[in-house]
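Okay, so here's just one chain, in structure tokens, the form predicted on its own.
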Amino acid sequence: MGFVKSDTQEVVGSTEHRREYSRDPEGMLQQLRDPDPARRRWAARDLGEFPEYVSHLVDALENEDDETVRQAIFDSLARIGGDEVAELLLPFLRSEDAQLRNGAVEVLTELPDATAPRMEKLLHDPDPDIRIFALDILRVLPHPKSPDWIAQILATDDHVNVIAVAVDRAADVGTPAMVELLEEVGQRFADEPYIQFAIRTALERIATGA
């Protein structure tokens, strides 16, 4: 049997690294700039206990290139939560970096109270990609207004890709009140085979309560 490195050894080594810095927030911020990603990861986790340092964690995301450190930062931001976290993460929805975008979306879905007041603005953003990301958030955002927000998009948006995602969301959380609206969307996008298929799926699910 080959030798398997234990988790304990890794933790011990990382703990030794951590002791090189003071265990106050200022020391953790210094550690967050350490060349060793393992040390930065520990700092990111520890700073999740200090809501007043949210902006420092978000700033670190912009310059961080290690995926595990980024994930630790996102985990700490989700743990802290609140309006400041939601507001500071919104710009990452426009990032060219897929991991930053997806990480921001994931955290926002975990913060319904902070994200919900910002949904109207996201769903009416001039950039169709942002509207799609907003619909991605609605896919898992536990909020009672989700069907209403999706209905708004179905009624007013004219971008085919946005509508396609909105119809998919309607299949998940649609209500009987959405049937007429979905039929109207089908008429508006009569030449789009995928939208026609998605509408049939959504109507079937609504009809059966699936």
Partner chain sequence: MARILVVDDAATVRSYHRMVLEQAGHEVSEAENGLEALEKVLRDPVDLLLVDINMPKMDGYRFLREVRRDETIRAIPAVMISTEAEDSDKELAWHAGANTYLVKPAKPEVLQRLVALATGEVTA
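Residue numbers count along the first chain shown, from 1. What you are looking at is a predicted structure, and each value in this text was computed from that prediction instead of being measured.
Form predicted in complex with the partner chain: not shown, discussed below.
No residue in the set D24, S55 and E84 has a non-hydrogen atom no more than 4.5 Å from the partner chain in the predicted bound form. Contact between E67 and the partner chain in the predicted bound form is found at the 4.5 Å heavy atom cutoff. Interface membership of E110, defined by any non-hydrogen atom within 4.5 Å of the partner chain in the predicted bound form, is ruled out. The shortest heavy atom separation between L122 and the partner chain in the predicted bound form exceeds 4.5 Å. Within 4.5 Å of any heavy atom of the partner chain in the predicted bound form lies no heavy atom of D75. Residues of 165-200 placing a heavy atom within 4.5 Å of the partner chain in the predicted bound form, in sequence order: D168, D191, E192, P193, Y194, F197, A198.
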